[in-house]
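Presented below, as structure tokens, is a lone chain in the form predicted alone.
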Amino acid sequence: MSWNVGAVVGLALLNAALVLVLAPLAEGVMRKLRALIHSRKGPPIRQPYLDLAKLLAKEDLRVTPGLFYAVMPSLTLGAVLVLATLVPMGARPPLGFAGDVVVLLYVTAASAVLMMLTAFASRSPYAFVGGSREMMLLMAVEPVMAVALVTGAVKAGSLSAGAIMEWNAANGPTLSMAVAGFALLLALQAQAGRLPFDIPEADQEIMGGTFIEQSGPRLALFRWAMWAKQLVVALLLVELFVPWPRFGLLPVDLVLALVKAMVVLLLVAVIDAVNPRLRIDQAISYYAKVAFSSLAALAFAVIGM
């Protein structure tokens, strides 16, 4: 029993540590690709690490007093790290026994909700607009993710993320899982806060929106959380909907999952580089159509396709 507990704790720490360490690297590669598409040299791949180090070394300035506002950045990053322990990364999620895809969806939304609350508490009109946009975008994107994951649950006969991964790996591609995976891929663009869905920040419109009053270590933690979240959601996509091939060896399957997640994030970077920002009403209308396709995937799953 003690070995099992130790193994679970060790795998949970491994998942969280990998996400913390690799998220800035993935962000650096995405920035470099974006620069190349725009015919620029761009920053070095290590630049996100340098940005974090610089911000963490600055003075912690706050526009709103109180403990709740002070701990918001840490809670946001913590929520993403908890999410990493609920997502398969080369094997069943280490804390999968503590929560199924319903809990996974709640934790996914928690980081966005915490950023919204921070924006509203900062008392900046730009931050308030950014927080309001974040809320509307969350309400449009979360149903897409929910239906996509429920489609996998219907096919696997279980709400466990690990069971969905193993069922899909054993049974191969199906129409319903392909459509659901594509819907989740489209939702990832907004989850990552990338063009054309970087509406809550919109630097040219609302001066950074949600994060306009954040600086120093607070901004570093928020940025780190966003980079980590895009990596975790990409891993969720590839592990549940594209889990092939499986070798049964954790190091090999983990490296393969990370490579596939990086390919997905590069696709996200390409879309970010070639698209203009949408208005919030256009984004909501777009995700309403994506939600319809995810419902079609669920219907296919119910009839066994």
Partner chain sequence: MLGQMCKKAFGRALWVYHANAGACNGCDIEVINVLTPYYDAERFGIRLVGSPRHADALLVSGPVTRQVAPALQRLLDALPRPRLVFAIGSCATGGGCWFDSYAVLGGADKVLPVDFYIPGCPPRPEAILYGVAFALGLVPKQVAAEHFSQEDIEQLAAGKPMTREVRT
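No experiment lies behind these values; they were computed from the predicted model shown. Numbering follows the first chain given and starts at 1.
A second form of this protein, the form predicted in complex with its partner chain, is not displayed here; the remarks below concern that form.
The closest non-hydrogen atom of Val63 lies within 4.5 Å of its partner chain in the predicted bound form. Proximity of Ile212 to its partner chain in the predicted bound form: non-hydrogen atoms within 4.5 Å are present.
Put simply, Arg31 is close to its partner chain in the predicted bound form: some heavy atom of it is within 4.5 Å.
Among residues of the shown chain, Leu219 is one whose heavy atoms approach its partner chain to within 4.5 Å in the predicted bound form.
Heavy atoms within 4.5 Å of its partner chain in the predicted bound form belong, among the stretches 246 to 254, 260 to 268, 233 to 241, 46 to 54, to residues of 46 to 54.
In sequence order, Arg31, His38, Ser39, Arg40, Lys41, Gly42, Pro43, Pro44 are the residues of 8 to 44 having a heavy atom within 4.5 Å of its partner chain in the predicted bound form; the partner itself is omitted from this view.
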